[in-house]
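Only one chain is shown below, in C-alpha coordinates, and it's the form predicted alone.
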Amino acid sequence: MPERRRLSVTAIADLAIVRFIDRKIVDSTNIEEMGEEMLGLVEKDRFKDVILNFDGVEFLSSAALNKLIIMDKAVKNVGGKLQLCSFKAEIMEVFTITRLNKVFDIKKTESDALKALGVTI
(Lines give C-alpha, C1' and ligand atoms only; values in the text may rest on other atoms or scores of the structure.)
Protein backbone atom coordinates (compact mmCIF):
# COMPACT_ATOMS: atom_id res chain seq x y z
CA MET A 1 0.00 0.00 0.00
CA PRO A 2 1.21 3.51 -0.71
CA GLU A 3 2.41 5.88 1.97
CA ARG A 4 -0.39 8.06 3.28
CA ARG A 5 0.05 11.43 4.96
CA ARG A 6 -3.58 12.34 5.70
CA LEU A 7 -5.22 8.98 6.39
CA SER A 8 -4.64 5.95 8.56
CA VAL A 9 -6.13 2.84 6.92
CA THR A 10 -6.99 -0.56 8.33
CA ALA A 11 -7.88 -3.18 5.71
CA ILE A 12 -10.29 -6.07 6.22
CA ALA A 13 -10.66 -7.98 2.93
CA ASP A 14 -12.17 -5.44 0.48
CA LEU A 15 -13.14 -3.03 3.29
CA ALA A 16 -11.04 -0.02 4.28
CA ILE A 17 -11.52 1.57 7.70
CA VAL A 18 -10.16 5.09 7.47
CA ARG A 19 -9.18 7.46 10.27
CA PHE A 20 -8.11 11.00 9.61
CA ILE A 21 -4.69 12.13 10.81
CA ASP A 22 -5.58 15.85 10.86
CA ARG A 23 -7.82 17.08 13.68
CA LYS A 24 -8.81 20.16 11.66
CA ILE A 25 -9.33 19.55 7.95
CA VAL A 26 -9.14 23.09 6.59
CA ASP A 27 -5.89 23.63 4.67
CA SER A 28 -6.51 23.40 0.91
CA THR A 29 -3.27 21.50 0.22
CA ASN A 30 -4.05 18.95 2.93
CA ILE A 31 -7.63 18.60 1.67
CA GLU A 32 -6.36 17.88 -1.86
CA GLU A 33 -3.98 15.23 -0.50
CA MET A 34 -6.78 13.74 1.61
CA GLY A 35 -9.07 13.60 -1.42
CA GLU A 36 -6.42 11.90 -3.56
CA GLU A 37 -5.66 9.39 -0.81
CA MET A 38 -9.35 8.58 -0.33
CA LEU A 39 -9.96 8.10 -4.06
CA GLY A 40 -6.81 5.98 -4.28
CA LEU A 41 -8.38 3.52 -1.85
CA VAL A 42 -11.08 2.77 -4.42
CA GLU A 43 -9.28 3.38 -7.71
CA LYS A 44 -5.80 1.97 -6.95
CA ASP A 45 -6.15 -0.25 -3.89
CA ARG A 46 -9.51 -1.62 -5.10
CA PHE A 47 -11.39 -1.36 -1.83
CA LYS A 48 -15.11 -1.74 -2.43
CA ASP A 49 -16.53 -0.68 0.93
CA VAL A 50 -15.14 2.19 3.00
CA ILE A 51 -15.79 3.39 6.54
CA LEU A 52 -14.67 6.95 7.26
CA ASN A 53 -14.21 7.30 11.02
CA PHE A 54 -14.23 10.95 12.12
CA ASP A 55 -13.43 10.22 15.77
CA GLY A 56 -10.45 12.60 16.03
CA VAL A 57 -11.76 15.29 13.67
CA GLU A 58 -12.78 18.59 15.26
CA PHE A 59 -13.43 20.71 12.17
CA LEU A 60 -14.13 20.20 8.45
CA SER A 61 -14.16 22.92 5.80
CA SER A 62 -16.67 23.00 2.97
CA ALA A 63 -13.90 21.95 0.56
CA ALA A 64 -13.46 18.78 2.63
CA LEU A 65 -17.21 18.12 2.37
CA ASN A 66 -16.86 18.24 -1.41
CA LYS A 67 -14.15 15.55 -1.27
CA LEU A 68 -16.52 13.35 0.72
CA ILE A 69 -19.20 13.74 -1.96
CA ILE A 70 -16.67 12.77 -4.65
CA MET A 71 -15.62 9.77 -2.55
CA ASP A 72 -19.24 8.67 -2.16
CA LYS A 73 -19.69 8.67 -5.95
CA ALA A 74 -16.45 6.72 -6.47
CA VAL A 75 -17.49 4.02 -3.99
CA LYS A 76 -20.96 3.74 -5.54
CA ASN A 77 -19.40 3.49 -9.02
CA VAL A 78 -17.65 0.25 -7.98
CA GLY A 79 -20.80 -1.13 -6.36
CA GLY A 80 -19.56 -0.49 -2.84
CA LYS A 81 -20.89 1.28 0.22
CA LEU A 82 -19.53 4.27 2.11
CA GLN A 83 -20.24 4.61 5.82
CA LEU A 84 -19.36 7.65 7.92
CA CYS A 85 -19.16 7.39 11.69
CA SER A 86 -18.06 8.84 15.01
CA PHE A 87 -18.89 12.51 14.43
CA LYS A 88 -18.45 15.10 17.14
CA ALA A 89 -21.68 17.07 17.71
CA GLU A 90 -20.33 20.17 15.91
CA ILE A 91 -19.52 18.22 12.76
CA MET A 92 -22.85 16.39 12.81
CA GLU A 93 -24.51 19.81 12.99
CA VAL A 94 -22.73 20.85 9.76
CA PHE A 95 -23.98 17.71 8.02
CA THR A 96 -27.51 18.38 9.26
CA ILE A 97 -27.51 22.06 8.22
CA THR A 98 -26.17 21.22 4.74
CA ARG A 99 -28.57 18.23 4.54
CA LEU A 100 -25.61 15.97 3.81
CA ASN A 101 -26.94 13.73 6.57
CA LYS A 102 -29.54 12.74 3.93
CA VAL A 103 -26.83 11.99 1.34
CA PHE A 104 -24.46 9.93 3.48
CA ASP A 105 -25.08 6.84 5.57
CA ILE A 106 -23.93 8.07 8.98
CA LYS A 107 -23.57 5.75 11.96
CA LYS A 108 -22.93 6.64 15.58
CA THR A 109 -19.95 4.30 16.04
CA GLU A 110 -17.49 2.32 13.94
CA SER A 111 -19.06 -0.84 15.31
CA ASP A 112 -22.46 0.30 13.97
CA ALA A 113 -20.88 1.01 10.56
CA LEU A 114 -19.29 -2.45 10.48
CA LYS A 115 -22.64 -4.06 11.35
CA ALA A 116 -24.36 -2.10 8.59
CA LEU A 117 -21.86 -3.58 6.12
CA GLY A 118 -22.41 -7.06 7.53
CA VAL A 119 -18.88 -7.28 8.97
CA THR A 120 -18.20 -8.94 12.31
CA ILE A 121 -14.83 -8.70 13.99
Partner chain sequence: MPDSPWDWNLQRTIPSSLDAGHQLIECYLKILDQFGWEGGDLFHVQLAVEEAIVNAITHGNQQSPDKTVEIEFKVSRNETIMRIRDEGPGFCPDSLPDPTSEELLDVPHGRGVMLIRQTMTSVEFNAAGNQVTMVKRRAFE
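Residue numbers count along the first chain shown, from 1. Computed from a predicted model, the values in this text were never measured in an experiment.
Below: the form predicted in complex with the partner chain, not depicted.
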| query | finding |
| --- | --- |
| Partner contact for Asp45 in the predicted complex: the partner chain, 4.5 angstroms, heavy atom | no |
| Contact flag, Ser62 vs the partner chain in the predicted complex, heavy atom cut 4.5 Å | yes |
| Partner contact for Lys108 in the predicted complex: the partner chain, 4.5 angstroms, heavy atom | no |
| Proximity of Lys24 to the partner chain in the predicted complex, heavy atoms at 4.5 Å | yes |
| Triplet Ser28, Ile69 and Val103 all within 4.5 Å of the partner chain in the predicted complex via a heavy atom | yes |
| Stretch 77 to 99: residues contacting the partner chain in the predicted complex, 4.5 Å heavy atom cut-off | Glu90, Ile91, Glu93, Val94, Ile97, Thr98, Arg99 |
